[in-house]
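Let's start with one chain on its own, the form predicted on its own, as C-alpha cells.
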C-alpha cells in the first residue's frame, strides 16, 4: 500500500485511539465511540470494487491497514467489518446501515465482539449475519465475548467454500503482528531510557540479547501474516502458518517485554499491559498455535510433496 493511503489512516488512528480512549472503552459497552469516524473515513470500504463505492484494493494492499489496527489496539472491529462487507457484497447481500461486524467461527473468545453490533457466523455450508445479543465478557477485559455468539439472523448466503475460521485466524495474526511491533517499540524505548548502574538497560549484553530475540519473533510473525494475506483469498494453510507463528511469537515477546520492563509493565497506569492483554486474547482466539500446528501437520502428511521444503514452497509461499 502506498504511503498516501497508509499515512492518513495512521493519523486517523492516532487521533481517535489514544491509550486513554482504549481504557475508556474497556469500561463501557456498545459500539466504540470512534466507530462513526472510522465509517466516515471511507477506509472501511477499501476491499469493495470501485463500482460499489470502494477502492478495489487486494488483501495484500490492505494488510498494512490491518497491522495498523493492531498496532493501535483499536477497540473496534474495523478489519473484520472491512472483510465482511466485501465478502457479503460479492454475494449480493445488503448490510444494515452502520453495522460493525466481527467474524465469529467457534472460538473460546471472540475479540472485539463487545464492540460490534453484528457477527458473521457459519453453519451447514452457509454464512449468516446475526444481530448480536450481549455475551459473557472475556477474561482479558479487552472488549471480547467468551461464549458462543447468538442473535437474530438477518441474512444468509452460500459459504462457497469459505473457511471462516481461517479468515478470522489470518486477520488475527495480522493484528497481532501490529501489536507485537508496538510492544517491541515500547520495550526498546524503555530499555534505552531506563538507567541502571549509571547506564541504560540497553547497554547490558543480556538485555541486548533479549531485545534481539524479541525482534526476531516480531518480524517472523509479521512476515507470516503478510503471506497469509497474499493472493485473492485467505488460504487455510497460509492462515494456519501465520497463526502458529503469531501465537509462538506472542508468548515469547510478552515474556521478554515484561522481563525488561520489570514490575512497572503490569501496572494499570502503564500502557504495556493494554497491548499484552490483547495479544494474549488474540493468541487464544480462533485456534491457538497448537491447533493450527495440527492442521499444518495433517496437511503435510496428506500431501504428495516429496520433502517438507517442497510442501512449504508449494503451499506456504507468498501468492503474489
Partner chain sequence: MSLLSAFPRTQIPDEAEKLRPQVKAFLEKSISHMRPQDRAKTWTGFDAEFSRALASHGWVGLTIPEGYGGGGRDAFARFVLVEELLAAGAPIAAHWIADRQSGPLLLRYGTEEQRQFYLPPICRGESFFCIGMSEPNSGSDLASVRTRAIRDGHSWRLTGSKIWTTYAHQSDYMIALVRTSGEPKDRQKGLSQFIIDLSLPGITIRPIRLGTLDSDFSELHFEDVRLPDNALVGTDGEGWTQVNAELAFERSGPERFYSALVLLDMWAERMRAEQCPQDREILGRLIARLASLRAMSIALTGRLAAGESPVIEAALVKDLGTSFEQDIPEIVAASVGAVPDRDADPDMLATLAYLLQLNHVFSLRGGTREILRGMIARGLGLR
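Positions refer to the first chain, counted from 1. All values reported here derive from a predicted model rather than from experimental measurement.
From this point on, the text means the form predicted together with the partner chain, which you will not see here.
- The stretch that touches the partner chain in the model of the complex, counting heavy atoms within 4.5 Å, is 209-217, out of 209-217, 123-131, 158-166, 98-106.
- For the three residues 289, 301 and 312, a heavy atom within 4.5 Å of the partner chain turns up in the model of the complex in every case.
- At the 4.5 Å threshold, heavy atoms of residue 203 reach the partner chain in the model of the complex.
- Contact annotation for residue 223: at least one heavy atom lies within 4.5 Å of the partner chain in the model of the complex.
- Proximity of residue 266 to the partner chain in the model of the complex: non-hydrogen atoms within 4.5 Å are absent; the residue sits far from the partner.
- In the model of the complex, the partner chain sits within 4.5 Å of a heavy atom of residue 227.
- None of 142, 74, 113, 245 but one reaches within 4.5 angstroms of the partner chain in the model of the complex through a heavy atom, and that residue is 245.
- Heavy atoms closer than or equal to 4.5 Å to the partner chain in the model of the complex belong, across 176-208, to the residues 181, 184, 188, 191, 192, 202, 203, 208, ordered by sequence position.
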